[in-house]
Structure formats: structure tokens, C-alpha cells
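For reference, the chain that follows is the form predicted on its own, supplied as C-alpha cells.
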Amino acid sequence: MSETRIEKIVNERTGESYFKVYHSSGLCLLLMPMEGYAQTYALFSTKYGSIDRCFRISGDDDFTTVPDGIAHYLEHKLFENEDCDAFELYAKTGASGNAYTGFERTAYLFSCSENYLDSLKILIDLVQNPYFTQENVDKERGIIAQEIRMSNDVPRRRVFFNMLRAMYSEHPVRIDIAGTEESIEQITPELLYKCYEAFYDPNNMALAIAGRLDVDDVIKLCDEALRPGKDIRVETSCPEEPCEVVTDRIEENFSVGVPMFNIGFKCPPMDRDTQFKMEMAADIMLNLLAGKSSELYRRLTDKELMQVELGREVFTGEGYFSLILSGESVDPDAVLAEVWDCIDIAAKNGFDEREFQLIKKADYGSLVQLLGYAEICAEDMTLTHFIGKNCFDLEETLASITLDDVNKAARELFARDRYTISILR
């Protein structure tokens, strides 16, 4: 067993700092004490999400392909032990607990204003003690099936996943995180334990805590509560995704008052370092293209195609990168035509330096301001850790972005043969 090491991460621009603790168990602790903060927020995450459908661990000759939705199913089952569920345990310490599964990460969390060490012990025990039986797995199936049906009735989720299926033919990001009613029928206790063994080793996880905390007390509790990891090496496999989209259009009749749409622009996947910076440059670019001060916004409102700004998102992860514009309009096709016209102008002429500086400064100010929120700090520490960065790299990278970077994004990320529009009529 290796010794625990502590590294202090400092933001040279603001003086903010946090501690990165390489714990002897193999777990990485990311601890940010916040002076004067009344609450504590803890986030225990594993680098495992819905896209990790095909994997093998040390000693396996072949890859195992698991049913869609199993990461989400596993999250549900870990929230329940042999005697009770986590909500009952947190109620005794006064904490508020929750969990969620994403495309690439599963997280278990709590927030509290007192007894944070007692709640942290509950969190660690919760994640370290899987309890799967045929009976409780079967019982959960009905609950998750109902959740899937309810999610399918949410228009914004429906139009989004329709768009992903129209853009991606092979990458599992096209599949709903919860899976389907058919896929969850295939989930067994044995498969859940196999996924747990592969992805819930401390070496594949991180525990981020921000707010009111004492670093030494947290380390001491972890010394007592954490089990040493086996340092299991897990290898995931993802099918190669072609550059082109499946179809440039997908429509569905749905119960909506005004047609709802997502326009997705599929971009080539990038290495993590390139993607990290390009994501920020693309975010600024979308704000310049479609924000309230943009020509596109003026056109859409003058022609009464939209009453509010287009929604904007840079949607990225392992093996995927896309830009999304969304909203509601009586004529989504007219919106699409205006979008392409303004994209062509931006690609040809570039954006205004003054507008660029205003948006960049506003984004930088928001990043600094968000350092005052414990939950955001814990999220950022975790997300950046899993891609080999630290959370202050967000500010450093944003500060380094130039107008040339943003104009390059406008020229290179939009392609007529790599877009799709998803519409709910």
C-alpha cells in the first residue's frame, strides 16, 4: 500500500486553492476548505457512465458488452443496502443526499450544514457496499421502467435524444442514459457486480468535498473507512463513429403547443487537450453567433420566428463533440435558414473584437464568481480531475483564448453535410 500524499493546487490569478490528496487506498481526494462557508458539499464519483457498454478488466481475454442503462441501474441499487436506503441514513445526520448518472460519470452526493463527517461516513459506506440480489434487482426494474416512460414523455428530452440518434450512428451517446424497457430486462445481479468490480475501484474514483471542512479530519476518516483498491485496470471499447450524420432531419408528432427543435452540428472528435480549449472557444463563438447582441437574434425576433434567444450548448465527451442550438418556433425551417446564413457570414467575416472581449470577460467573471459555490467547486474539481486537469485550468484556458480561436471555431465546426435538425411538431 502506498503512502498518502498531499498536493496543494493554487490559482495564481485569484489566490484560491484546494488540496489534491493521493490517498493510500488509491482514491483521489479533492478538498477545498472555504472560509466562512456554512455548508459542506461532498461528491463521490466514478469515471463510469452510460457510454461504457463494452469493457474488459485485468485478466479478461474478451470484452464484455452489457445492457444499455446498466450504469444508471447500478446507481439506483447502490442507494439501497440490506437494511434501508441512503435517504433514511442521511435523515439521521440532517444531510440531503442524492445520486445521478451521466454519459461518462456516476456520482453520489450530500450537502449539509452540520455533522459532515458522519454524513461522509455514510457516503463512503454506501458506495463501498454493493448489495444485489435477484429479488431487489427485479423490484427495481419496474421503478426504472416507469422512470424511462416518464422521461420519454418530456418534450425537451425527447427532441434532444431524437437529435442524438439522427447525428450518431455508432457511438453509445445516442442511447438514453437509463436505457430502454427492453434493455433493462437483461440486467442481472451478476452483471451489476461485474460492472461494480470494473469501475468502482478507488483508483477509478474521486471524492470531492468543498465548503466547511477540515482537511486532516477528512483524511483521518478516509484512513478508517476506505478499503484499499485492487488497482484493477479497465479497458473500454467504443465503436468507430463515422463523420457523417445518420440523417439531416428527424421529425415526430408530439404533444407540444409550439414546434420544438434542436439543431445539432456534428464535429470530428478531438484529443482531450484540443477539446478542452475548443469547447471554451466554441462556447464564446455560439454566444457571439446567437446571443442577444447578435444579428441572428435580431433577425429571428424581427421576423417573429422566436421570442427568446436560441438555447446554446457545446456537447462534448469521450469520442464526441457537437454544437447544439435549440428553441421553439412556429417555423423551425425558417429558423434553420437564418442560422445557416449567419454561420456563413461569421465564417467569412469573423466576429467583432469588442463583442468578443465583452463576452470573454463576462465568462471569466462568471467562472470566478462560481468559485463561491461549494457544489460548483466540487463538480469542477471532479470533472477536470477525470481528464487530467485541475479546476483552475478552466480560468487559465479561458484567459488564453483569442478572437482567432473563436473565428477558427466558426470556420471549422459547422459543415453542411454534418448537421441535423430534430423537430417535435
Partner chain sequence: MAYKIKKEAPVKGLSFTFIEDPKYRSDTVSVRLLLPLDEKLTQIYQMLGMMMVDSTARFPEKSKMAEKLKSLYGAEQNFTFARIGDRAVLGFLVRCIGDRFTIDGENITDEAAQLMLDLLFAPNVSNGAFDKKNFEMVRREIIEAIKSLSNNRHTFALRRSREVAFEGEPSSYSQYGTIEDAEKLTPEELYREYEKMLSVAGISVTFCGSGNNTGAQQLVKQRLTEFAGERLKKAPDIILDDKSLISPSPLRPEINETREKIEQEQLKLVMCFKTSEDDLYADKIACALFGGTPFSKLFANVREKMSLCYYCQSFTMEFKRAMFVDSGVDTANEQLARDEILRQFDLLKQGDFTDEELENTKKYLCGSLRIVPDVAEDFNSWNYIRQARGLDITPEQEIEMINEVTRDRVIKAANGFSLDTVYVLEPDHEDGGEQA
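It should be emphasised that the depicted structure is a prediction, and the values quoted were computed from it without experimental measurement. Numbering follows the first chain given and starts at 1.
What comes next is about the form predicted together with its partner chain, which does not appear here.
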- Query: Even though its partner chain is not shown here, does Gly59 get within 4.5 Å of it in the model of the complex, heavy atoms only?
  - Reply: no
- Touches its partner chain in the model of the complex: Glu328 (any heavy atom, 4.5 Å): yes
- Applying a 4.5 Å heavy atom distance criterion, does Phe199 contact its partner chain in the model of the complex? no
- Report whether the minimum heavy atom distance between Tyr37 and its partner chain in the model of the complex is within 4.5 Å. yes
- Query: Which of these residues, Ser237, Thr180, Thr188, Asn152, gets a heavy atom within 4.5 Å of its partner chain in the model of the complex?
  - Reply: Asn152
- Checking Thr316, Asn204, Asn162, Thr93 against its partner chain in the model of the complex, the residue with a non-hydrogen atom inside 4.5 angstroms turns out to be Thr93
- Task: Would you confirm whether the three residues Gly102, Thr133 and Arg272 all fall within 4.5 Å of its partner chain in the model of the complex, going by non-hydrogen atoms?
- Result: no
- Among 343-351, 227-235, 263-271, 84-92, which stretch sits within 4.5 Å of its partner chain in the model of the complex, heavy atoms only? 84-92
- Item | Sequence-ordered list of residues in 94-118 near its partner chain in the model of the complex, where near means a heavy atom within 4.5 Å | Gly94, Ala95, Ser96, Ser111, Cys112, Ser113, Glu114
